[in-house]
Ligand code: DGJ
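A lone chain, given as structure tokens: the form predicted on its own.
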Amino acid sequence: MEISKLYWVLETCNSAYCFGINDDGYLINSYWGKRKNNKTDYPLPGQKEGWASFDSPANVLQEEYPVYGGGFHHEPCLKITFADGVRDLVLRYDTDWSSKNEIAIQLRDSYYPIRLISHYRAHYDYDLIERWVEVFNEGNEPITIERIFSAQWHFPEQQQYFLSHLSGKWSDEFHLSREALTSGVKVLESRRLTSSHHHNPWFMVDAGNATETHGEVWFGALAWSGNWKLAAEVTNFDMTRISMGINDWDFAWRLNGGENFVSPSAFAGYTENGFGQASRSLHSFIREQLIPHESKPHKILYNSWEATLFDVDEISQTRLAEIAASMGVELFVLDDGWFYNRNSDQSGLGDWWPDPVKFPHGLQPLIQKVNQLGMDFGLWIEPEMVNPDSDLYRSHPNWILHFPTRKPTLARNQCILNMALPEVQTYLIEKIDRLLKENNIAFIKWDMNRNVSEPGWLHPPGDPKEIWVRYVQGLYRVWGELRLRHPDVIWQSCSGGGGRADLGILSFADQIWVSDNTQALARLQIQHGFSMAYPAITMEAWVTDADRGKLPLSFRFHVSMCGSLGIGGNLLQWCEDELDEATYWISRYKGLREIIQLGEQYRLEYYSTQYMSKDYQHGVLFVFNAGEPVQTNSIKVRLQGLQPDVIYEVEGFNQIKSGQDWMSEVLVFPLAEFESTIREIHKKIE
């Protein structure tokens, strides 16, 4: 990174991001793209006159962090109302400071005692730029923040760009869409209190000619687990930009004198090597810098939910654990139904202690048995929820999100605890901390099985519409405190599947439960979309009974082996042949999982997937014939990610070739419909 007065260059391994103050005092983006040989080759921030009397210069410039005020009429990043009713900001450069890989630009309003610091951090090895802002009220009167985005990202001026994004619904998440951006604003968002099943806070942008392996791609994601918004705007001057941050829908924040507000971080990057490299850059960053246990491959788990539902006890779980252990499973997870008075989804949530009827001696005898079988023990919880039929609700009915004049809406027979309340946070920390202290629990599945309704509370400390942010801050406090006290526990984020998958939650959780849909064919599409943003180590994938008798067990295992493998079927009903085959695939996965979980992923044709170790000496290839649109009994793929001058051998092919030769050849796999295969790739040792 090099800094000169009022002009800054952030360089990463392969890209550069440049901005500066122009002669009129605007903070302008001047370049974002391929890194140049000389720092003097980057363009300086430009000047523009505006367009007649209808568009001020602000409307025709690529302003780094535009605010609502003056003659600006496009999507602003910040909107504030002052105590006197003025709704206009005029921010101008004040000072700046920098370190090795960070820059902070401080701007001040020309009249009111408010300042903004725009932060930039370069993650060199990952070709990523991280941005966030802080707003300070240095006066005595409160101000109201009505919108505060984390960043606005500008793309080189040209005619048209295409936006790739993820959408879906419960049990049908992570559909990949790619569409042309046209004049106007395209909004993707969540209004559901979580990042949601319906859209994901991630994007890719290209000029229409990018592929998995070639072409310029700009990409980004927001580290926030609550309501968020992405606004992709093409202006009337053919300038394209994307703004990301906390959703301003139903949002307001009263910032009192002496207080500050910090936005979540937004990350974005650039590559000239296609969608695949964009994904791998983000994967590496998440895997190596974000998740808590970055270098620890995940154990193969068994979850007992499908086998017993709520009808759990020590005897039933012990029998399942014995079968799971005999197959080579390493982690046994007791799902819903273990806690006080939990016999259906109508009662018990909030009372986080073992049910005395089902577990008269607590969980320790079961855990000891599981540990004796050579497995770790895991547990399902849903801390943010409460049933009206629970001791917690009867003691604290006002702890839920609600409006006093409205009857609370139930979903799955449960209400949402107000995680913004310190007393709720303290209760959950104490109860879950006690569980973890008293029991040898290695894994927690943290679930959330409904979206928001009646987002109110009785005595908010500021504006009632702060709830959307204060809730997430409370969630992060609870999760963060528990992680601090129990650093070795592996946590999983689940919200009825992929309802809370984002870079924010991955600072606390190592895994995401991607979808409640475990049908193998559906999972191929879901996992493909998920892989655009998130690495395989974060993707928990189960073999269940969803396709039992319909698809080969090998096909179902191969699909789940593309992530962090788990089993969720009713093992009591599996025949001996099924158990034997499952044992084989579990053993095979153990030999491959470091490549899959810690290596680089390459998306190939027809949902086929290749993983390569970080040193590119070993790889594994999964090839699927998933039926449509494939009409033949053969699948053709091209390998990726091999070192061109290194000699490799590919399992099943009686040839030894250079990486370049392998990648230039179309490999044909004779697979009937719903057949699949795994092939290992090895560097030839001479």
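These numbers were taken from a predicted model, which means no experiment stands behind them. Start at 1 with the first residue shown and count on from there.
Note that the form predicted in complex with this ligand isn't included here; everything after this is about it.
In the predicted bound form, segment of 416-424, 577-585, 447-455, 242-250 with a heavy atom within 4.5 Å of this ligand: Going by heavy atoms within 4.5 Å, the stretch is 447-455.
Candidate from W542, W202, W153, F285 lying within 4.5 Å of this ligand in the predicted bound form - any heavy atom: After the contact test, the surviving option is W542.
Sole residue of E600, D127, D335, D547 within 4.5 Å of this ligand in the predicted bound form, by heavy atom: Comparing distances to this ligand in the predicted bound form, the residue within 4.5 Å is D335.
P297: touches this ligand in the predicted bound form, heavy atom cutoff 4.5 angstroms: So P297 does not count as contacting this ligand.
Contact label in the predicted bound form: G497 to this ligand, heavy atom within 4.5 Å: Yes - in the predicted bound form, heavy atoms of G497 and this ligand come within 4.5 Å of each other.
This ligand contact in the predicted bound form: D351, any heavy atom under 4.5 Å: So D351 does not count as contacting this ligand.
In the predicted bound form, W305 touching this ligand (heavy atom, 4.5 Å): Looking in the predicted bound form, residue contacts with this ligand include W305, since a heavy atom lies within 4.5 Å.
Stretch 510-546 - residues with a heavy atom within 4.5 Å of this ligand in the predicted bound form: W513, D516, W542 sit within 4.5 Å of the partner.
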